[in-house]
Structures are given as C-alpha cells and as structure tokens.
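Shown here is one chain on its own, the form predicted alone, set out as structure tokens.
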Amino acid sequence: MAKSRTIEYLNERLGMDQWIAFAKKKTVPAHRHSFWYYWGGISMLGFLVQVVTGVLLLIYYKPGPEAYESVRQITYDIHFGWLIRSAHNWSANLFIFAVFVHMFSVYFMKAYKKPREFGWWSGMLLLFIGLMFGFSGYLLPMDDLAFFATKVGLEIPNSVPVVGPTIANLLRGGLEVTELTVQRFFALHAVVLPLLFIPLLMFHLYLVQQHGNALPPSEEEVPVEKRKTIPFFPNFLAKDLAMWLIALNAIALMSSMFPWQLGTQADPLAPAPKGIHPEWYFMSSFQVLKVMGNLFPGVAGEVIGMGIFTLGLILWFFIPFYDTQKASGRRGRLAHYFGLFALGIIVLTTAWGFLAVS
C-alpha cells in the first residue's frame, strides 16, 4: 500500500507513466552487429566513474607547488586513496578507448548520414574534449613521467604553423612547464572541460533519442517486415547494464591488481627518463610527427606532419557531406575504404611508436 502511494505521489509530480510508456514503446534493432551499440553506454560509464572518483580526489588534491605531495598523500597515506586514484586513471583509459571504438562503429555503420549528422559532429567534439581531459589530467601528479610526457605532448600543438607556439605558451603559462602549468591544467581539467563536455553530452544523448540506433548497411538491405527489434525497456536496458557491470568489474580488477604508480617528483633540471612518450591515445600523432621530422628535417617536417594529420581530421569530421549515397554506391565504398585506412594508420603508428621507445 505504501509502495503504491509512493509511486502515485511521484507519478503525479514527475510524470513517470509518460517516461515508462516512452521507454516501452522505444525499440532497438536486433542483428549480428548489435554488440557495437553498447560501446556508447560503456563510454558513459567511464565518464561517470571519472566524475565520482574525480570529486573524491578533489578533496585532497592541491594544485601548484604542493601538487606532488598531495598526490603522494592520496596514494600512500589516505585509506584507499590509491584505489580511488587507480580507478580514476583506469576509467579514463577505458573511457577514451570506448569512445574510439564507438566512433569507428558509428562510422562503419554509416550512422553519420542524414538525419544523424549532428550526432556525428557532437560525438567528434566529445572525443576531442575527452582527449583534452586525458592530456590535462596527466600532468597533475607532477611526477617525472607526467612532467616530461607533458613537455613532449605539448610539442604537438606547438608544431601547428602560425598559431601553434601561441597555443602551447598559453597552455604552459610561459615557455616551460612549471607549477603555473599545473594550475592551468587543473582549472582546465576540473572546471572548463566539464562545463563544455556535460551540455554537449546532453545534446548528443538527445540526438540519439531523437533518431534512434542506425542500421548497418548490410541490414538496410533486409526488407522492413523482416527486420528484428527488441524493446529498449527492459530488454536492451538490461543488456546495457550487464555491459556496464562487466566494464565496472574490469576497472575494479585493473585498479586492484595494477594500481597506478607515482614516480619521483619532477625535476626540470634533470635529464628526461629514457623512452619518454605521450599517452597511447596521442602516440599515433606523435609518431607521425617524428617520422615526418626524420624525412624532412627542421620546421618542414613538423609542418608536413601536422598538415597531414589536420587534413585527415577535416576529412573525417565532414564525411557526412561526402557520403550521401547508398553504401553500395561509389562514394559509400570510398568512405568505407577511407575508414579502414584511417583505422589501420592509427593502429600501425601507435604500435610503431611504442616499439620505437621500448
């Protein structure tokens, strides 16, 4: 009786029946590629874990001169501080990896086509902000690895012709990575980027609800009457939550078995550790710049490397304007091959970069 009164109370004020009816009416395509639909949800889980663990870390973290000492206390002195910090770092890697998988699955399913263009563009912007989250957060412990990896990473924007040095100096707060850089990165990581990310995420989720899940090209050829669907609530939601549980367990296991380490405090006057490199999600662009620098010594190599990388991003971003035909058409096939080429280059140059520094 009390339960029914509570439900009635909430329904009168929140209109829960309307939301439940909408959820029951909504369906999701069921086919052999349905597995790729879950990666958007896994990305969301990674971001939520980031928010929760990030808030807990904020309680003890001190940007600026005390950055390293505060992280040392979190890692070694505060009960379960090491676990929260490890979960924050591992979930960050899961988040970026899941977003990459989600992006390529959307691309190969042609889910950027009319009327889903804004879903593609907003997703690309979310990926860019997510990479900025990773880059800005990497420096915050201010240990030797974070310090020198950030110096290396800032060479990527610094190599952009004309505006690059200005952008790099603005991020650093000067010509070198200092405690002022930590404060700027912290403000970017904890305030500016969330203010940009969360409204854009809400817009992206709204578009997903508005247009639903796209069918891959192979399923579009199936007659409408033979296409299979499952109810979003509770069938697909239950499977989505099961994927969340698997991902959450993976984060917990990685955090427990491979806790995130803290190196020695950064010393700007010390030589860089051997094999220093940016994080894996920047390794591809880092390796392209390095290869172009070897082929074309001097500024020319940096300009050519950034030119190739920038051109690829522009073509990738505006693919909805090019691929407007059926998947079996010439443009559709070329777009598919371009996606395979981009994926292959990213995997190859990332692996090449790690082999080169090992």
Partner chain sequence: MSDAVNTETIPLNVNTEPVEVENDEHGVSRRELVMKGVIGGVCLAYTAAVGYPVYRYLNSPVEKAASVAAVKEVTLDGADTLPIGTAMVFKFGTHPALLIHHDDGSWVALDAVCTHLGCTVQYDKGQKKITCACHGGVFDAKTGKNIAGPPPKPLPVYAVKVEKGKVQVTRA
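Numbering follows the first chain given and starts at 1. Being a predicted model, the structure only gives us computed values, none of them experimental.
The following text describes the form predicted in complex with its partner chain, which does not appear among the structures shown.
Stretch 218-226 is the contacting one of 200-208, 218-226, 154-162, 175-183, since its residues have non-hydrogen atoms within 4.5 Å of its partner chain in the predicted complex.
None of 96, 109, 124, 84 but one reaches within 4.5 angstroms of its partner chain in the predicted complex through a heavy atom, and that residue is 84. Checking 319, 292, 57, 45 against its partner chain in the predicted complex, a heavy atom within 4.5 Å turns up for just one residue: 57. The closest non-hydrogen atom of residue 114 lies beyond 4.5 Å of its partner chain in the predicted complex. Proximity of residue 230 to its partner chain in the predicted complex falls within the 4.5 Å heavy atom cutoff. Contact annotation: residue 78 falls within 4.5 Å of its partner chain in the predicted complex, judged by heavy atom distances. Taking the partner from the other structure, its partner chain in the predicted complex has no heavy atom within 4.5 Å of any heavy atom of residue 13. Remark: all three candidate residues (24, 235 and 245) come within 4.5 Å of its partner chain in the predicted complex, counting heavy atoms only.
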